[in-house]
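Just one chain is shown here, as structure tokens, and it is the form predicted on its own.
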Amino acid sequence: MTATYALIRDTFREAFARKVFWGFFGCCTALLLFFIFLMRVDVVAGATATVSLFGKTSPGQDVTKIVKGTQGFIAAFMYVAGIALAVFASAGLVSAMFEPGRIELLLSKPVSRTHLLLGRFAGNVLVVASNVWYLTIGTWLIFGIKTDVWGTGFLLSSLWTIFMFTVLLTVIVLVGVLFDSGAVAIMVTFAIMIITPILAQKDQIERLLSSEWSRDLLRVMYYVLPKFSDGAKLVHHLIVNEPVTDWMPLWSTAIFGAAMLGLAIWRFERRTF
């Protein structure tokens, strides 16, 4: 546990030094301040009369709809833009581990290679997760205190965002182990983020394909790769408190992440530096 804590702390220190953590923290704080000062709630006779946000004023009875809509926007921002920024930042943190001189120093420590890689991996996840939770919990408290609308859906949606980033981070780690390149890791990860929403339209695309083998290839790619766009739908269901009927995107994406991380560990154990 001491070694694990040291590896995670080292990752945080590097994130601080590279301004990665402070960049995320600054963006989240700016958004929270935006809601604190631009959201106005008028109360008449102890009840919410009007709610003003983004320059629009709505009756008090629509407050729940306004809150959930705004929370949905924030969740979508964290899910798409937040993960994209996290990928950029984490690719640099991962590739820095394999820089000449740095990797030799790390390998000289009395820690197994698997432990070393997993410790850095956990540190990267916690750097991003801490900022996601900071923005999520802060927004939840601001809206709850101002409007008295509380719900767990928005809080739960952040868990899927962190989960999807964790899966994409396994790709970054694998590419980092194979090529020592943050740029290549970014390109591969973004390719997955772009391709998977297209694959999610497989039912429509299959009608355009003329051969059965191409349809089979499409289905295999859809079920093997992470379900980035399907995850956005799951986040929406959580926020509006709708039941989630299909958990296939969760377990299939988890299997993909476990496979990528397993390959990264296997290659790292056998690689010479």
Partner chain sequence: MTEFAIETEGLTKVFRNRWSGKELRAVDDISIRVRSGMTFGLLGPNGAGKTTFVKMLLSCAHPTAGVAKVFGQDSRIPGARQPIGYLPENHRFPTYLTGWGMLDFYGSLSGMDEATRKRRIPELLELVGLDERAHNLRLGKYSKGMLQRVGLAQALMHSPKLLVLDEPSDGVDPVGRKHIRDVLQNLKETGVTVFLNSHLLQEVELFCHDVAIIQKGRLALAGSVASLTGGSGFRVEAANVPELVEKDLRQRAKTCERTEDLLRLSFNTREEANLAVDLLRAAGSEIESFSRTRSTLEEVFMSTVK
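Heads up, when I say rigid core I mean the largest set of C-alphas that superpose within 1.5 Å between the two forms. Bear in mind that the values here come from a model prediction, so they are computed numbers and not experimental data. Numbering follows the first chain given and starts at 1.
One more form of this protein, predicted together with the partner chain, exists but is not displayed; see below.
**Student:** Tell me, which of 137, 198, 187, 105 has a heavy atom within 4.5 angstroms of the partner chain in the predicted complex?
**Tutor:** The option sitting close enough to the partner is 105.
**Student:** Taking the partner chain as it sits in the predicted complex, is residue 99 in contact with it (heavy atom to heavy atom, 4.5 Å or less)?
**Tutor:** Yes, contact at 4.5 Å.
**Student:** Taking heavy atoms and a 4.5 Å cut-off, does residue 259 contact the partner chain in the predicted complex?
**Tutor:** Flag for residue 259 set to no.
**Student:** Using a 4.5 angstroms cut-off on non-hydrogen atoms, would residue 254 count as touching the partner chain in the predicted complex?
**Tutor:** Result no; residue 254 lies far from the partner chain in the predicted complex.
**Student:** If you check in the predicted complex, is residue 19 within 4.5 Å of the partner chain, heavy atoms only?
**Tutor:** Because no heavy atom of residue 19 falls inside 4.5 Å of the partner chain in the predicted complex, the answer is no.
**Student:** Looking at heavy atoms inside 4.5 Å, which stretch does the partner chain contact in the predicted complex, given the options 159 to 167, 140 to 148, 106 to 114, 67 to 75?
**Tutor:** It is 106 to 114 that comes within 4.5 Å of the partner.
**Student:** Could you pull out the residues of 1 to 18 that have any heavy atom within 4.5 Å of the partner chain in the predicted complex?
**Tutor:** Residues within 4.5 Å: 2, 3, 6, 7, 9, 10, 13, 14, 17.
**Student:** On a core-based superposition, does residue 22 travel 2 Å or more at its Cα between the shown form and the other one?
**Tutor:** Yes; that C-alpha moves by at least 2 Å between the shown form and the other one.
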